[in-house]
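Okay, so here's just one chain, in structure tokens, the form predicted alone.
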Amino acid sequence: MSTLVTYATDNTVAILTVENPPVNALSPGVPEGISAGLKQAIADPAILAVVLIGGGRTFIAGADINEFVKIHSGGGGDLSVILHTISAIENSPKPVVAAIHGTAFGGGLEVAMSCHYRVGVASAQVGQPEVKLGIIPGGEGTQRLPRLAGPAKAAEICAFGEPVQASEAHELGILDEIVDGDLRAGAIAFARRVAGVKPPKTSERAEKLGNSAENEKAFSAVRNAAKKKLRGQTAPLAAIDAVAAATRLPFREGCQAEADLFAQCLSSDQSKGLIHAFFGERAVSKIPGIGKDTPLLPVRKAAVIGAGTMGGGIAMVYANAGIPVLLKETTREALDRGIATITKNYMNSVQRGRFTEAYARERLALITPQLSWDGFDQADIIVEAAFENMALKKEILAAIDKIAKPECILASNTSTLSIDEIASATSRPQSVIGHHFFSPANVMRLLEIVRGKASSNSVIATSMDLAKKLRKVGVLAGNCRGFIGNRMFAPYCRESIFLVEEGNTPESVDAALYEYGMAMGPLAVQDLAGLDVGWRIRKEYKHLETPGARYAELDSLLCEQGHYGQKTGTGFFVYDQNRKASPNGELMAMAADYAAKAGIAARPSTASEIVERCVYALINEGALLLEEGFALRAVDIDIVYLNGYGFPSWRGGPMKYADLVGLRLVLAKIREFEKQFGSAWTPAPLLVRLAESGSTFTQHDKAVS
């Protein structure tokens, strides 16, 4: 027997236990161990039934994703052994019962569906989340699931990849029984009841497959929903096609249709991008030079300065993590307004069914609004969330430096300003760090953690650990203007405005980037954030501008007229009372007038050129960040853009997208832009080196890790 699967007996029942922590993935050795244990049970005349169960915290969470990576890289990877095991289970002459706790996802559910019966505890979850990796179920899951749950529900489960709770799985017919009490004992008792009965094969069931008219109507509805919710992704539609094959073809032919679709998805750039993102979220938590033995500081009580949009959202983040938080403002009016907004946000979540009212009230009770500094001397972390003004932030840091206890972390929510200069206002720069939350802070997953030159390893390690407790993806950035996200966002926005100054409409610019997969077009994003925010920052850094260089001016011209975007109702677009956008009829005349005065020639651009100018500007700036050491790895940049800037997950992030396009092609286009538009497009030296050597950003990450 394999050490990954143990064999035991309880009178007439054999128990096969998967022991492959932490999630019992179907790594090499596990399918073989299941097959060997099953063979042993079949050969033993004293054994009448078999129970397959997971050791530790879960059943089988799915296939080993590293096997997909091996296939992508041409380095092997063999999934056929899982199919052999699935076939062996279903063809067993003795009944096999899957006993599910934790999760049975992906390949785990496929193994369970090949068993003759499935039982689970009430807290168990099942699902087919493969689409989140850009693939479809490849272990005959799209063929067995509709036979258990019906085609409509199977299509929905496979297309969206969301988990199904045990109670619903039981109602659908995926689970045969919910076990109260000990799962192992309950599964053995169930196995004894079915021993001696001819094992029913899921593949031979057809009573739920329905009729073609009803099925096509259901598939059409799921397709439309997938196109809307998972815009641009191909795997969800392929998953629906595979489920549809189960209703039209004999089982074996349906399995071949699934295999063909699976192979197409696995070889796609979308799969490569999504799997890159999956592993990327794990990679960014590893900081060179900061090991697991680095002491962590306790964070049991927090304090936030500023109850505006960001401060209120940050307070909610701490409360949602169960951490009491003081929320300070300078005026009663601002404090009351902030608390009203927080309360409204919680009540909206209750109405949407995300929180219970009791949960919302508990979280609200963890937030203490106040006008004084009372209790700040007891806080383990103090976060300033004032607007982007260096003098104001230094004033705040100097004040809390006098109040905070020695081991307190002093965090700034600045989005662009120097952490080192902010820290200079204190007597303890080693305790100062940037915690750049993204708006709305209580929703967005990204936390950009910015280290200053004096930030201690303990403060950095605690910040990375805290991000997980706050249910955020923490990414470490160096201290440069805009850090990772906003430094790259500046040239991205620059090009979008340049395109309008050259005569392209905001609608055409945003439409091109939206079709590319961005959550919003760049001009709509700037309107949403407030054009005055960037205007204020540009004025702060005006002294650093290069004489004679071209800078985007159209947004500044809008601001000078009091048009700040959504907050004033007019920006690159015009907004009604529901914030629905329509074209700004005056903008193109303004752009043409400015272009004439500045000597900018009209230059209509195709959608592909719009995408290249904006996205390749991101890539080039990202390469500069890597070169200068402000981003540790290319994947850190990708995770920032996937979680903070609406970059399409299925493209893997800007740097992974560059790899998929090919760095030589990207470099060639950037050199074209340099000839057309000047020094702003000078290629990053790292990009040149990687492209000319035939390398990639992914390979660069491996070299520096």
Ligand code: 3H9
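Throughout, we count residues from 1 along the sequence that is shown. Bear in mind that the values here come from a model prediction, so they are computed numbers and not experimental data.
From this point on, the text means the form predicted together with (S)-3-Hydroxyhexanoyl-CoA (3H9), which you will not see here.
- Contact with (S)-3-Hydroxyhexanoyl-CoA (3H9) in the predicted bound form, defined as any heavy atom within 4.5 Å, is confined among 499 to 507, 480 to 488, 246 to 254, 101 to 109 to 101 to 109.
- Mapping the unseen interface onto this chain, residue 536 falls outside it, with no heavy atom inside 4.5 Å of (S)-3-Hydroxyhexanoyl-CoA (3H9) in the predicted bound form.
- Residue contact with (S)-3-Hydroxyhexanoyl-CoA (3H9) in the predicted bound form: residue 198 places no heavy atom within 4.5 Å of it.
- Proximity of residue 193 to (S)-3-Hydroxyhexanoyl-CoA (3H9) in the predicted bound form: non-hydrogen atoms within 4.5 Å are absent; the residue sits far from the partner.
- At a distance threshold of 4.5 angstroms between non-hydrogen atoms, residue 40 is out of contact with (S)-3-Hydroxyhexanoyl-CoA (3H9) in the predicted bound form.
- Residue-level contacts in the predicted bound form: of 62, 644, 654, 54, one residue has a heavy atom within 4.5 Å of (S)-3-Hydroxyhexanoyl-CoA (3H9), and it is 62.
- Among the residues 514, 219, 575, 278, the one placing a heavy atom within 4.5 Å of (S)-3-Hydroxyhexanoyl-CoA (3H9) in the predicted bound form is 278.
- Along 124 to 143, a non-hydrogen atom within 4.5 Å of (S)-3-Hydroxyhexanoyl-CoA (3H9) in the predicted bound form is carried by 129, 130, 133, 135, 136, 137, 138, 139, in order along the sequence.
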